[in-house]
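This document opens with one chain alone, in structure tokens, the form predicted alone.
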Amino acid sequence: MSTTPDDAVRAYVEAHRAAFLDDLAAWLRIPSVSADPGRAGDVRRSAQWLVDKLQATGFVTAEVWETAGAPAVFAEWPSGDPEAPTVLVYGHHDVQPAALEDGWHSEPFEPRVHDGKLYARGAADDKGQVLFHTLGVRAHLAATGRTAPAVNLKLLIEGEEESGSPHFPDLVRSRADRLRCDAVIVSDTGMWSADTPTVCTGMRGLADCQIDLYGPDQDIHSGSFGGAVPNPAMEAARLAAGLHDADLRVAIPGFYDGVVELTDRERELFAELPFDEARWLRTAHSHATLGEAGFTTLERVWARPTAEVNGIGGGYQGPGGKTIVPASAQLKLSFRLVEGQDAEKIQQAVREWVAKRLPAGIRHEITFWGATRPCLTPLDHPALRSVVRAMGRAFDKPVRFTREGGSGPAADLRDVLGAPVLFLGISVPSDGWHAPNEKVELDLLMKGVESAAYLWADLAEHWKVPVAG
């Protein structure tokens, strides 16, 4: 058990709760929408606000890091203990676009507290979950009597995550020496529910593309020429229909090469979660589950690779009929990837698969929009055990395990820095990330503060790093 006193942490957090929420509200008022060029100044203002707050918190170093796009924030607070592990916290300070007319009950950039919830764009994704580390480290110091954290603490808070992190890999590579660490803590994630605290242990990767198909040089009469020349819209449909076999496994040769399969223990951990399929379907606005044979719904969305048709089109789309063979068609596909898959190899496999399936007379172009690599945390890693213990103390409940079906830049940190990635987040599904009326549960936010306060001492106690030389 870590030596950080629980009562002392909770007393400090409660005493400073109001001031912390005032700070968060001030930050949330800055509309740091990275996707809107007109908000570039606000994104920069958000970064500087965070630098000022981190300096006031006690971080020895806090500075804006420029990129070719929006600025990031870096901060560092050395422990002073030569055996202390170095931990890098990742999050982002940019937010999704939001406007009152989108369906918000109040102005999205004017924080509102109602019934124990704080409503504002960025409240959960991700400003609230970034800022809880400032109060968490102060509570850690107050409860332990330390003047510096028990770990060498670093923060990297990105400014373009909501725009796809286009410059993040280059930033990490160019600043790798400053970012060097023993573990990465990602606070841009969530939990199963308020009653079931969980730790995420992995995120899927992503590769997505657009396939443009061209046949005749113009739309032509389907009576005069149909059935005698290739039809791009028909070929787009054949490609889409051929993506999966009868068991709904992806039919592209080589797609599953290297896939790290679920262990029996991981399947048991997923099965421990109180999964209600009917409720999940309501959340998905869908009417039945369907997917790869031999796997549960949670296993399909968390731990299996997928291929999805995101859009398909071509030919006449207006009212009534128009009897043509269209000149072109388009297919948009996305592939979620799991540990062991290589995005570049998947892209090449898709290119070869498409080329072999198209008949003569159909020209095609494939455009891929970059790639995100998958990321998986080993269940036996000592840092993961520390995260679980810290959250267990904060929530006073057993902590379960999940994965995330979506994708993010965590693998860039792991691959460049050579450090395992852990996830510490307190958001719940009802928080409405990217949606109108985004909110964060204030009591859960304070549990995030507590978890961070317990984590640093626990890591230092259970994970000593050998001293070089």
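Just so it is clear, the model here is predicted, and its values are computed rather than measured. All residue numbers are counted from 1 along the displayed sequence. Note that the rigid core is defined as the largest set of C-alphas that superpose within 1.5 Å between two forms.
Another form exists, predicted in complex with a further copy of the same chain; not displayed. Remarks below refer to it.
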Exercise. Is a further copy of the same chain in the predicted complex near all of Asn231, Ala284 and Glu308, within 4.5 Å of a heavy atom of each?
Worked result: yes
Problem set entry | Partner proximity in the predicted complex: Val113 to a further copy of the same chain, non-hydrogen atom cutoff 4.5 Å | no
Problem set entry | 4.5 Å heavy atom contact, Thr147 and a further copy of the same chain in the predicted complex | no
Exercise. Can any non-hydrogen atom of Arg204 be found within 4.5 angstroms of a further copy of the same chain in the predicted complex?
Worked result: yes
For this session: Report yes if any heavy atom of Glu235 sits within 4.5 Å of a heavy atom of a further copy of the same chain in the predicted complex; otherwise report no.
Result: yes
For this session: Just one of 343-351, 276-284, 135-143, 87-95 has residues with a heavy atom within 4.5 Å of a further copy of the same chain in the predicted complex, so point it out.
Result: 276-284
Problem set entry | Selected contact from Pro169, Gly392, Pro216, Pro78, since only one has a non-hydrogen atom within 4.5 angstroms of a further copy of the same chain in the predicted complex | Pro216
Problem set entry | Position in contact with a further copy of the same chain when the complex is considered in the predicted complex, options Gly361, Pro378, Gly258, Pro382, heavy atoms within 4.5 Å | Gly361
Exercise. Is any part of 321-350 within 4.5 angstroms of a further copy of the same chain in the predicted complex by a non-hydrogen atom, and which residues would that be?
Worked result: Gly321, Lys322, Thr323, Ile324, Val325, Pro326, Gln330, Lys332, Ser334, Arg336
Exercise. Once everything's superposed on the core, is Phe335 shifted 2 Å or more at the Cα between this form and the one not shown?
Worked result: yes
For this session: Tell me, please, whether between this form and the one not shown the C-alpha of Asp245 is shifted by 2 Å or more, with the rigid core used for superposition.
Result: yes
For this session: Look at Trp353 and decide if its Cα position differs by 2 Å or more between this form and the one not shown after superposing on the rigid core.
Result: yes
